[in-house]
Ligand code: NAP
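Just one chain is shown here, as structure tokens, and it is the form predicted on its own.
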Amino acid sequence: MGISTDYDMVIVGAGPAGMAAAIYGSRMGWRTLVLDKVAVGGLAATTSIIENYPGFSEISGMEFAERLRKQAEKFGATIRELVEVTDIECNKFPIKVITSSGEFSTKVVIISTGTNHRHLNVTGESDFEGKGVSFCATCDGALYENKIVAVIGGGNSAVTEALYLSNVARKVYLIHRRDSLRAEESLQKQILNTSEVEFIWDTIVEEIEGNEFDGVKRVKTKNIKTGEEDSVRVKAVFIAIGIIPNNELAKKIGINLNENGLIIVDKNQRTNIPRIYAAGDITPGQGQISVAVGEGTTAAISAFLDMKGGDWYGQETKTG
């Protein structure tokens, strides 16, 4: 006889990766629970328009999130929002998931807690998010074809964003608080030879201006060496100053992280802890919805097959 559990699979995080895992897990006949301390959709739900997900020429982030919910629920997944997972006891089988509203036992856990973008925390940033303020050039760059845009930052992410936008926008300002880039040398060589990109060094953004009808119109800047203030007319601002991994839970239970605080996984989305998988932006990757969906799918299928075979985890899981 198998060991009794509340669920076969518990998924922590209801972004695209977590919801893809829920769809596959429930379709395979597993009792599947999705928990999120906020709401279904993750960062994707905050995106005004998604244009680069296969099969949708255009869909709002909110509608995309609602479709994910309906599809997962159609196959029997249970989704609970506003529930925070505070701990996972994974040193014995079944695993115990401890939350702000109770405890659940499960065979496997998939962590898809995602990341948050680092913000400038300046006036206008939150007001114009989705109306000219973006954190993803490959997501929103096409909306500003032949327009003038700005990229904020000087690392690999900022330079990559600027290079992508240089093929889309009419002109790209790269605004950086230092007098040199921090990006890899190969990226620096590429961008320094790109005529569509103009650099504004030693400068910070103090305010993003615009209106509710036209969106972003300009950024107010300040040179940190001279104190000189200026403004640059742009139609969009792409902020690329880093991400903050939501890795507190992973740290707490001893999951291996890389130098950027992201969860290390193998090709099957396994972590270093048996029966714990990870998928989506909390793992190293491209930060795209389509990639997250693929990783969530892989994690769910891997977990299902691992539990059926049990070779990787040992004899105890064969009774699950």
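As the structure is a prediction and not an experimental result, all values here were calculated from the model. So that the term is clear: the rigid core is the largest set of C-alpha atoms that superpose within 1.5 Å between two forms. The first residue of the sequence shown is number 1, and the count goes up from there.
What comes next is about the form predicted in complex with this ligand, which does not appear here.
Checking 138, 156, 123, 231 for any heavy atom within 4.5 Å of this ligand in the model of the complex turns up a single hit: 156.
Checked against this ligand in the model of the complex, the residues 170, 217, 177, 131 give one hit for a heavy atom within 4.5 Å, which is 177. At a distance threshold of 4.5 angstroms between non-hydrogen atoms, residue 74 is out of contact with this ligand in the model of the complex. This ligand is not shown here, but in the model of the complex it comes within 4.5 Å of a heavy atom of residue 287. In the model of the complex, this ligand sits beyond 4.5 Å of every heavy atom of residue 79. In the model of the complex, this ligand sits beyond 4.5 Å of every heavy atom of residue 189. From the list 179-187, 162-170, 246-254, 80-88, the contact stretch for this ligand in the model of the complex under a 4.5 Å heavy atom rule is 179-187. Counting a residue when any of its non-hydrogen atoms is within 4.5 Å of this ligand in the model of the complex, the hits in 229-252 run 240, 241, 242, 243. Remark: with the core as the superposition reference, the CA shift of residue 75 between this form and the one not shown stays below 2 Å.
After superposing the rigid core, the C-alpha of residue 206 moves by 2 Å or more between this form and the one not shown.
Note on residue 184 and residue 281: their C-alpha atoms are nearer in the model of the complex, a change of at least 3 Å from this conformation. In summary, the C-alpha positions of residue 186 and residue 266 diverge in the model of the complex, ending up at least 3 angstroms farther from each other than in this conformation.
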